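Shown next as structure tokens: one chain only, the form predicted on its own.
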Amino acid sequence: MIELRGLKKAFGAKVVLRGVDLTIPQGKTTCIIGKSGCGKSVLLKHIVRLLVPDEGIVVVDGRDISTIDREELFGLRQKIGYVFQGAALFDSLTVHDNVVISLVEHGEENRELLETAARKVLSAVGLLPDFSESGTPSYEREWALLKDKKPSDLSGGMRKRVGVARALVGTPDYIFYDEPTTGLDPVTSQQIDDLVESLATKMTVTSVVITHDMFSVFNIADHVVMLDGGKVQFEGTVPQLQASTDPVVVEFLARYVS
């Protein structure tokens, strides 16, 4: 479980977080919404300790992560998969190499193990048939067609799926998604929503999704958090969000739901 207690952060004179108290429930999909610049991405960066709070603490699995050493921080980050906005694939690397890059950077050199890891996660995100079919002619044919492609050879939806596959390597406990449907057409956006929901169920991961896409929120969220002015303005379920009479929430929904 992830807990944020009294989290404050400023960059010079710009105050971004003004005392955020939040619990992200285990095994659920939490969507974090709010206007641009409200601190959504800054909040996530504190959870992986890319940023350190000016005040307050971040507790992950019962540990205040401000007190952990470098080795423990490495262990924490292995528990977290991060899907970047736009997928953030390396243009010069193949699909296979993009997916396993974290394993390679951590010293894994066994080619058979790397290939197996890539096959499993690419199957999990629907870019290959089910991994149980590995070794069959149809599976091997699709693997051969996919593994050496570069990001420029892929559609936007496929690039996003490869980004999710990369986040799944190492079977993380948590997956963070930064605007996973931005720039995608409605059909592909729905497919990514279905993927997020499917992975949350099949892998029992805790998912945290930053998004402006309120239709995605309505589709996938178990838990919704709205930030405004550096604080939690709303926290609850989708029906509670839709029924809210808070003027800030009402205005936000009127702007982002058409």
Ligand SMILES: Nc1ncnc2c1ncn2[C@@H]1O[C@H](COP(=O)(O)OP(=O)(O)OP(=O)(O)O)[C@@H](O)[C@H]1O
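Residues carry their position along the shown sequence, with the first being 1. Worth saying up front: this structure is predicted, and the values here are computed from it rather than measured.
Beyond what is shown, the protein has a form predicted together with the ligand; the following relates to that form.
Next on the checklist: Please determine whether Gly230 contacts the ligand in the model of the complex, using a 4.5 Å cut-off between heavy atoms.
Outcome noted: No, Gly230 stays farther than 4.5 Å from the ligand in the model of the complex.
Checklist entry - Should Ile47 be counted as a contact of the ligand in the model of the complex, where contact means heavy atoms within 4.5 Å? => result Residue-level check for Ile47: no, no contact with the ligand.
Next on the checklist: Is Glu179 part of the interface with the ligand in the model of the complex - any heavy atom within 4.5 Å?
Outcome noted: Taking the distances in the model of the complex, the answer for Glu179 is yes, it comes within 4.5 Å of the ligand.
Checklist entry - Is there any non-hydrogen atom of Asn219 lying within 4.5 Å of the ligand in the model of the complex? => result Asn219 lies outside the contact set for the ligand.
Item to check | Location of the ligand contact in the model of the complex, chosen stretch of 22 to 30, 190 to 198, 39 to 47, 53 to 61 [non-hydrogen atom, 4.5 Å] | outcome: Only one stretch qualifies here: 39 to 47.
Checklist entry - If you check Ser102, Ser123, Gln85, Thr94 against the ligand in the model of the complex, which one has a heavy atom within 4.5 Å? => result After the contact test, the surviving option is Gln85.
Item to check | Contacts with the ligand in the model of the complex, stretch 10 to 29 (heavy atom within 4.5 Å) | outcome: Phe11, Lys14, Val16 sit within 4.5 Å of the partner.
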